[in-house]
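Two forms of a single protein chain come next, each set out by itself as structure tokens; they are called structure 1 and structure 2.
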Structure 1
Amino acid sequence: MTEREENIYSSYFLYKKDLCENCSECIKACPTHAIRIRRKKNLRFLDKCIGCGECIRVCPTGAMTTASKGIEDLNKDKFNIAIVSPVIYSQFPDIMATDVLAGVEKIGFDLSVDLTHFLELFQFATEEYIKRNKSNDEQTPYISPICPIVIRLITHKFPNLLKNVLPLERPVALFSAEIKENISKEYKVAEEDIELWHITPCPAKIISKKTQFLNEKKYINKSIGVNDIYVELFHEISKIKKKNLDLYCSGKSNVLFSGRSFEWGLSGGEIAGINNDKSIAVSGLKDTIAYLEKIDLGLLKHIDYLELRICPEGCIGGALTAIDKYIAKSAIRRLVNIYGKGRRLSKEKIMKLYDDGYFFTTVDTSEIKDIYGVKQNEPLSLDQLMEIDELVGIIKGRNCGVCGAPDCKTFAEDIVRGKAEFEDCLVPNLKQKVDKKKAENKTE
């Protein structure tokens, strides 16, 4: 493989070569086999990275890190708006949500805006879509569009299931499409001077030229990891907490919170706000892949809706979070108890928006190829598949990873595709053995 066919970095991650111990844990953990090690410590990414963060989770040295922005990247000449999701609140146990919003503004943002209103909108719309369309057996179960990693995984491994993805805009897209115009009028700021920052627990939501998700990139300008601002935010929130309530007003936004929305960061939190008893929530990479395989085999036709999250326990287990996911889960339960679980929005008004087409994406998910930043491999011919099987049979390896690929079968495919060299494998005289096998096949 030439240098032009490989990327030193993924769009989502950075590689710190000096910290790498060449352990190959990252290449084995990657679900799309997007990572290779060339010439020992020379790590490369193929155009198949879905931003799941598994490489970060397993890296023992910190050589893998995210490509997100930091608070120092705020453009002071712009009006910077932070989009705050319920996951951020879970990172601060014993802190009220309004104080978190106020803290976000104290660390440098001009405005922090809560996303929970749009989460409830999405749940209403999802519930209605299932009611009106679930008789269409060809597309059940419907798959939640919320987790971008799941959609990229489907694009790469299960493209036939793209038709099952719910064709509704994600809450952050609904929110972002409106916020600039509204803020421009309220704060007398030109729309072109407004920058939207998504505070996220997920590497897959990092915004760059190659990481668009549906049509959200045209709205959101930049993303920043929760862990990238955690220390500064914790410091400011601590100061806010000490102030007397009657002397300090937390945040500029008058938010009517609902405990139902706080659950959004948990596995099962999305379907908890949907009135449908044939919905399932699944979290974790292995279980998500297992359920996608079941859908692909037609084994889940009795299920209406599937909430899939790559991260364990849901978004609170994201690679860019700052505290333990189980502590975060406890913090969410506390907020639910404080705010209650009632719905806040008028169903009649939401149904009018639904009938007007407000919630529907303009992207045809069934036609997606590489819009998620993931390139699908060219299909292999029957002869190439047979060549791969023969090569694996000759290697008889143990998936050691020394070749720089995650397993012997992937290495064999790299050879067939012209992206690896025979000499990369520990098996002595591998090319000669392959040539000998080919010669034997011709004489048979």
Structure 2
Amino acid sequence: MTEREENIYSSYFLYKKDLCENCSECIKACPTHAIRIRRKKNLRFLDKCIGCGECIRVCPTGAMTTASKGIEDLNKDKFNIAIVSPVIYSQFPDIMATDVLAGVEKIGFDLSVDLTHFLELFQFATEEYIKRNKSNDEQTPYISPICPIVIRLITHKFPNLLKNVLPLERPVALFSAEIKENISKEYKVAEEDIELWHITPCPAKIISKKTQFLNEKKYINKSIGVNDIYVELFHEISKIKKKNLDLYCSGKSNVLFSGRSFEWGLSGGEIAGINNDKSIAVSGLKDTIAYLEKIDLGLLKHIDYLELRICPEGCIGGALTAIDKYIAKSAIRRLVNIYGKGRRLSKEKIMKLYDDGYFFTTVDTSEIKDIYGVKQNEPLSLDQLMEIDELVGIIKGRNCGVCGAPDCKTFAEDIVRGKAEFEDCLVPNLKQKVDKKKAENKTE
């Protein structure tokens, strides 16, 4: 069989047929019901995948993976810059952030650059934006634009909440916007010879052309999972590790980092750096959806800002991380203790940038839908609603999943939409039963 028949791609994931054992965990775990398997591993991704990575998380055999090409995709003819977010430091407990940065250069990147300065910029700007636009009843509570999966979920399930998303550029976009030009000057390389890489725990960021949000430009050229490079990176870091954390804490590096920025990867880490006591942080798929439902009902008006993260405990719970999220959390706590919680940037300088419009972006919702390729279902008619309900009643199933849909109700909906066949269901003679019921309804 050719490779194309064996591997199936969604917008974000890769399904390897030969590893699949037909357990259907992925189908049930998908929050947008975007996966179906029709007979003998004929897996299909519907255009509703938001890249959350739940399917990767639950897959017991590794058949479900990201579409990341790995470090092999590094083009040695280019000047390769790696953006290093604080989540990556959390993956190496008791190793200095500076050593991690050095290690990244050892595995093949020409330059590794820390992102935390821009996280702080963003937090300042957010604080200011909320202060100035609090009374805008239409848009409050504001929703953090940071988690790309949350934005995709909103696009798919709550399109009218896109107006609540804070219209500020994300730190990685602020960063990418200036780095190529600066590095080009400093290292005397042509801008077009620079390739910008994002090392990320987030499956939704792997396809770089789907990463940008709102009107951000497409700066990132390639993305790679933390787990793609972990083993190699760990190996390199253990070679260069000179001193351990405790000995180093009074060194120059204190100037470079603030403990605040290390918290970023934790649930609550974003709002911890924002002076606003009416903010909440929510993490995990279920709770995030529950909060979006509430905002959709017009509730939570007493809240100014919501930090939402699809992954449990925040980005350290991302599907592409390398170590357990609770271990990572404790590693972050130690870093924060060492570096303290001060702010590094001067408020006046940032205010000037703010007033110059440096942070702003505009929301074009139609464009977002195109970029993400997230589709809404065709609306159902009243008759179809009744048909689905009746079919569910006839099946009287227990969501066994043999049909390849996540549950009986979704299967019934697929049937009514003409996208599944009665024979896929274990209930014997389902079609005849439905026809009989229809005939009865008519004579009544």
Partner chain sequence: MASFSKCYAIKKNDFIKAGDASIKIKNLLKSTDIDPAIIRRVAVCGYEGEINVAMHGGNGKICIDIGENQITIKIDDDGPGIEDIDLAMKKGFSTATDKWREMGFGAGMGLPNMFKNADKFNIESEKGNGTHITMEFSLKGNI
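Here the rigid core means the biggest group of C-alpha atoms that line up within 1.5 Å when the two forms are laid on top of each other. Just so we're on the same page, residue numbers count up from 1 along structure 1's sequence. What you are looking at is a predicted structure, and each value in this text was computed from that prediction instead of being measured.
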Checklist outcome for this item: In this pair the form predicted on its own turns out to be structure 1
Next on the checklist: With a threshold of 2 Å on the C-alpha, tell me if A63 counts as moved between structures 1 and 2 once the core is superposed.
Outcome noted: no
Item to check | Residue shift check between structures 1 and 2, rigid core fit, K433 Cα at least 2 Å | outcome: yes
Next on the checklist: Rigid core superposed, CA of I395 - does it shift 2 Å or more between structures 1 and 2?
Outcome noted: yes
Checklist outcome for this item: K419: Cα shift between structures 1 and 2 after core superposition, Å, came to 2.6
